[in-house]
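As structure tokens, one chain now follows by itself in the form predicted on its own.
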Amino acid sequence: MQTTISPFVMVIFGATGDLTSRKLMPALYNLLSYKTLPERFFVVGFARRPFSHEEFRSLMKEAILRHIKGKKIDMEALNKLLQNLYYQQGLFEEKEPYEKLINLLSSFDKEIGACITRFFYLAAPPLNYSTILNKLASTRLSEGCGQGSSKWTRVLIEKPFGKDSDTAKKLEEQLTHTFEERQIYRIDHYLAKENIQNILAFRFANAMFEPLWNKDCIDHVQIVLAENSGIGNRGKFYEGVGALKDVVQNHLMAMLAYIAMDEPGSMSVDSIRAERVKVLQSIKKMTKEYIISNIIRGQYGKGLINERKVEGYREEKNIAPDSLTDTYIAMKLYLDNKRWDGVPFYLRTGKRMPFSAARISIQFKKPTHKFFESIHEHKEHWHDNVLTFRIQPREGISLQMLAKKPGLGFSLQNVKMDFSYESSFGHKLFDSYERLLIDSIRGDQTLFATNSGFNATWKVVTDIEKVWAQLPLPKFPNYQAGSWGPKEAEELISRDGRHWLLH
């Protein structure tokens, strides 16, 4: 794919952290390999560790090589990326490194002979966001190359977007004071997953499915994001945040919005985002009693993962020995609108699950006719019409249904119709960070979150946490690593006469 993108500079705050080495640098390398980026661009890492430009390049080279281990290396792309990397050492709260950054960015403008677009990527811990934004405003870096115009700058900000409704509101006030809405790119990388986007095509480009997409035909919806891993080196970040804020408030809600939204009026950014927000704003408010019965939290203890012993959450690095941080959430939600009235949405996420997977499953209602009622042994299959979106791994869509087994008798069996991106299109999908980076460079905000959407999901989270604060302390850990979570999660869905589809 040939590029039409103009030269740009991206400043990554927190450039020595896990996100930069594990996601951003591999994404930039791949975009270069796809020949999507321009010949000349600049990436400046900003962090406290004392690196030279060459030392930073060496560090990022190691990160990229780890990412592509076992695959063929595109040396042209790798070398081009490395020669375009620069480094600015400094503490986020100090003025001097920002002043040095002004001079460095000005040198890039002079080299190109024009004001080039500036991207400020906040990949630092969220507690530093306010400080960085203040410095961008006070040094006027946020105004671009000195023309006093906001035309040349954009800011990319990672989740979690605040830690509750109040902090999210304060952060948004600071963002909108410094940048216009068209400059702000709020990142929830699940919005950029290929099969999340494909939900729109599946529903609205295929006339056979949309008439079934409502309370009359759908029994319930399950949205699951299971992680086989623990917290790795994210202990300082994860402790005190937990699964509710780290995954439910954004990733699971993003999937909910796409699966439940009404058809947008057009393919425009505003139209698609507006319909997503309507879903999130329609989440039915929960009473204290409802939250106690229908929101399950957990924390993993020691256990086995692939026959390997692993430590419990409280034994992980940088975790308090009596930590009450949740690593598992299961919940039931309802939407207060005509399409989904009375249809339960079951959401579930957890660390140290038996395997990693993200799926959305649509369970259709059983047939109302009595054609097969006399065949007793097949009654158990009447709920087996399930449409599943595999977000990861093996991205695709499957439809489970009943078919007659070949033979003289009349026996039914579950079968699957399956669509796989890999087998159908035969080429690698864009990684979500590759897509987010290229869309931000092109100025397309479609796959980025909105403040109004986050406001809606923070209200849900805040209501839950207020109730939790009134309850006795949870008895953690309450599920073993390698299991599917606490027994209360099974009870949550089984008491409705249903069962989790991912096991």
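Model, not experiment: these values are computed from the prediction. Don't overthink the numbering: it's just position in the shown sequence, from 1.
A second form of this protein, the form predicted together with a small molecule, is not displayed here; the remarks below concern that form.
Proximity to the small molecule in the predicted bound form, defined as a heavy atom within 4.5 Å, singles out one entry of 335, 123, 225, 168, which is 225. For the candidate set 278, 189, 163, 365, a heavy atom within 4.5 Å of the small molecule in the predicted bound form is found for exactly one residue, namely 189.
The small molecule is not drawn, but in the predicted bound form it has no heavy atom within 4.5 Å of residue 331. Although the partner is absent here, residue 302 is not a contact residue: none of its heavy atoms lies within 4.5 angstroms of the small molecule in the predicted bound form. Residue contact check for residue 130: none of its heavy atoms lie within 4.5 Å of the small molecule in the predicted bound form. Residue contact check for residue 237: one or more of its heavy atoms lie within 4.5 Å of the small molecule in the predicted bound form.
For the small molecule in the predicted bound form, the listed stretch (281 to 289, 313 to 321, 227 to 235, 196 to 204) containing residues with heavy atoms inside 4.5 Å is 227 to 235.
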